[in-house]
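Okay, so here's just one chain, in structure tokens, the form predicted on its own.
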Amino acid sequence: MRRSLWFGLVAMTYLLAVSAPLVAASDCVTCHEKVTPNIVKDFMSGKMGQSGLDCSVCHGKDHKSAEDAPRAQLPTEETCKPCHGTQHQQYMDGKHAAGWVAMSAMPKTGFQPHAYIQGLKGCGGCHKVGVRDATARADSRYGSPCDSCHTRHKFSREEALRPEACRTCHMGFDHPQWEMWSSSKHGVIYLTEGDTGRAPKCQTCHMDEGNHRVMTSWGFLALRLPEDDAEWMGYRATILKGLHVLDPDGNPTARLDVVKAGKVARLSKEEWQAERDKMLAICSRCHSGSYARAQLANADAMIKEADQLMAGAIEIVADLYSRGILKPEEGKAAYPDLLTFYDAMSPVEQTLYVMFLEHRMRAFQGAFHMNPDYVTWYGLAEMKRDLVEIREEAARMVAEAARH
């Protein structure tokens, strides 16, 4: 009996020990248990809270009461650097760090509502994954790159390793990678079996061994320079003119520097090939090397097919500018500007922007995410319909102009 009682006391002592907080509650925790209890719950359930990390490490020591709450510092990627140096270095070398570049690069962003951009309710809500300078952060102090994936205040590695963590940003109109992957055979196996390792998830291919660089061979715009295929290079030159990265005569503009800064295109053979070799190595863990090369080469070829349609549509609209039927905005070349997006000034240019940002994206992204339906019905077929509509609308505009 005494032996049983002794074992019972030992067991109870152990249970109390493992369930008790690992550290004494700080003044921050004591106060915020009343004010924001779920924040405290999240923090104390995560590794940082359990390790005894004090709130002041990330938020500073200036905030002491409800009256001086705005004095609490909000973390940036630099806040995480001292403890997570390797991940910070990888992130700074990758495309996510350049996410905010697009916010200043888009020609119409400055005219968007503050709540939409700096209030992080529109494009800014995802692009805050990028580094923001002091001016941008002054406009909106909330949101930081690291908690885009490791949501606060738990900052869970396990959460960030799940493909669902990518879903908020990588879905929808111009980059529906979640929809493509989750309805591909890869995604179906994952959703059926769970994370057994049998099927790749986002992190398998894009964050190999936890690398926070997150780069691909083609980049967001699926553009690379130089291009050995002369026919394809012709299509690409037209698209680069449509992006105003090249002027109508084919000369580089200031936007080329933005493309470089944003890392949305690959500007050397070596850069492109290095990323392709990494992806081939990842694919070859499950597939034969020949199969992986064939699948990726076929996806490359889909970009060329899409580019042919896209270039044809751009040239039709460019002809309307050359005829004087469409007028350029002040300070702009007489050429369609794909980067005005939904602020395009005419119906024919609205169709052109949708063709570029929605349908071309789906045609080539669907190919790399192994989703034939996105390639076909949401991508290539829609691009062909766009081209017909653009051609018909342009003919109508030319005829109308001739009557006047």
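Throughout, we count residues from 1 along the sequence that is shown. Given the structure is predicted, the values throughout are model-derived calculations rather than measurements.
What comes next is about the form predicted together with a small molecule, which does not appear here.
- Are all three of W232, K269 and T376 close to the small molecule in the model of the complex, meaning a heavy atom of each within 4.5 Å? The answer is no: none of the three residues contacts the partner (heavy atom, 4.5 Å cut-off).
- Task: Mind telling me which stretch in 330-338, 310-318, 208-216, 242-250 gets its heavy atoms within 4.5 Å of the small molecule in the model of the complex?
- Result: Partner-contacting stretch among the options: 208-216.
- The unique member of P226, G122, P113, G194 whose heavy atoms fall within 4.5 Å of the small molecule in the model of the complex: Spelling it out, the residue with a heavy atom inside the cut-off is G122.
- Report the residue, out of A136, L256, C166, A237, that has at least one non-hydrogen atom within 4.5 angstroms of the small molecule in the model of the complex. Spelling it out, the residue with a heavy atom inside the cut-off is C166.
- Query: Counting only non-hydrogen atoms and a 4.5 angstroms cut-off, does K260 reach the small molecule in the model of the complex?
  - Reply: No.
- Query: Does D147 reach the small molecule in the model of the complex if we count a contact as any heavy atom within 4.5 Å?
  - Reply: Result yes; D147 sits at the interface with the small molecule in the model of the complex.
- Query: Heavy atom to heavy atom, is L352 within 4.5 Å of the small molecule in the model of the complex?
  - Reply: No, L352 sits far enough from the small molecule in the model of the complex that none of its heavy atoms falls within 4.5 Å.
- Query: Hey, in the model of the complex, is Q203 touching the small molecule, heavy atoms inside 4.5 Å?
  - Reply: Yes, Q203 is a contact residue.
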